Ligand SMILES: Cc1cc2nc3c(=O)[nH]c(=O)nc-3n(C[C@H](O)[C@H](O)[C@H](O)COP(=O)(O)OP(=O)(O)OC[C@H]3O[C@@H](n4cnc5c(N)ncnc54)[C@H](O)[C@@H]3O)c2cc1C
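Given next, in structure tokens, is a single chain: the form predicted alone.
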């Protein structure tokens, strides 16, 4: 009698979900020890911390994005395109909505997928806190489609400004949220302006860009060391970014935003990067426990509190730290959680004891394009934290992405990708112009 293979279903192909599917595929799928399926609503994967580079055109998603189908084929797991809408915990089923084209024609009908072990890795989305007009008039850099939308609007805006006969004196852009996304995007926009000036947008320069960065807290980069915050503030100010701290946005319309202090900031292009939450989908999902920003509450083994057959990792997981807080929504956290769940799934299949998760904060880094990089490192080699900046910080920042690539492709293929990247820097434009 043939034993039925266990079905492991992973919802979400972000950093954690894709790394987990890859590891399980190599360990179990390749040797027919389990069936592993990854579900995502997109065709391709891009490391989320790079979205601001896609938005400004510094990074070409056509080169950097990874096809889920091709990767699944190469690493012995299955990929299903779709969006989950419900879970039947009693029968261990996940419901995927139908897929329609741009004209509303059904391409793939709704489906039920079976699972023995389910891993939720759906990530997070921007939290607009119910602010009036944000959904209608702001761009959220949550996914590749939003980054592409920003890029198209940015190029059109700069093209219009540079057209003969245009009498406008400034290009007005506003970014709401002074976290890593808002700060890095601010620097990349100034880099993009300089590159476009070289490529023929002669009227466009740093004097023409009126960029406002709005932060509700006391300082930008509130999650990082105050010294890093001050250094980043000074660097952005040198570039000409207007930084408003202790400033709350209360309403947005088609031409700009209103602050609580009564100021109206005109902007033709607006980005909302002021906070995150998990999709409202999880709020009442199969009676699983969630917190105020819809994260799934997990225990020490990263299993959800109400169902040991369901794990959660990454931004969508609420894991309590000893200090009472939760694991921050960072790529390093998703990577660590994926590694722990990989080991715990193997232990579960072997009927062994599962290990408790221990989050290790290795520090944080923020890149101001080619202008500078700042960060703090934490680890066994130093006590407390060490502030780094400049070339050393930039090297460490790039290394974080290389670690993600190594987890997906291995050392040899990642090395080849680095070589190809260096070649592209010589033969391709420094900015995507279409």
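In this text, all values refer to a predicted model and were calculated from it rather than measured experimentally. Residue numbers count along the first chain shown, from 1.
A second form of this protein, the form predicted together with the named molecule, is not displayed here; the remarks below concern that form.
Peer 1: Evaluate residue 177 for contact with the named molecule in the predicted complex, applying a 4.5 angstroms cut-off between non-hydrogen atoms, and reply yes or no.
Peer 2: Judged by the heavy-atom cut-off of 4.5 Å, residue 177 is well away from the named molecule in the predicted complex.
Peer 1: Answer yes if any heavy atom of residue 400 is within 4.5 Å of a heavy atom of the named molecule in the predicted complex; otherwise answer no.
Peer 2: Answer yes; at least one heavy atom of residue 400 falls within 4.5 Å of the named molecule in the predicted complex.
Peer 1: State yes or no: in the predicted complex, is some non-hydrogen atom of residue 192 no more than 4.5 angstroms from a non-hydrogen atom of the named molecule?
Peer 2: Looking in the predicted complex, residue contacts with the named molecule do not include residue 192, since no heavy atom lies within 4.5 Å.
Peer 1: Report yes if any heavy atom of residue 405 sits within 4.5 Å of a heavy atom of the named molecule in the predicted complex; otherwise report no.
Peer 2: Outside the cut-off, so no.
Peer 1: Within 4.5 Å of the named molecule in the predicted complex, heavy atoms considered, which of 139, 76, 230, 281?
Peer 2: That would be 281.
Peer 1: Which residue among 39, 368, 28, 393 has a heavy atom within 4.5 angstroms of the named molecule in the predicted complex?
Peer 2: Checked against the cut-off, the match is 39.
Peer 1: Have a look at 319-327, 154-162, 348-356, 76-84 and name the one stretch with heavy atoms inside 4.5 Å of the named molecule in the predicted complex.
Peer 2: That would be stretch 76-84.
Peer 1: Kindly confirm or deny that 57, 150 and 204 each have some heavy atom within 4.5 angstroms of the named molecule in the predicted complex.
Peer 2: Not a single listed residue reaches the named molecule in the predicted complex, so no.
Peer 1: Using a 4.5 Å heavy atom cutoff, which residues in 4-27 contact the named molecule in the predicted complex? It's fine if the answer is none.
Peer 2: Heavy-atom contacts within 4.5 Å come from 11, 12, 13, 14, 15, 16, 17.
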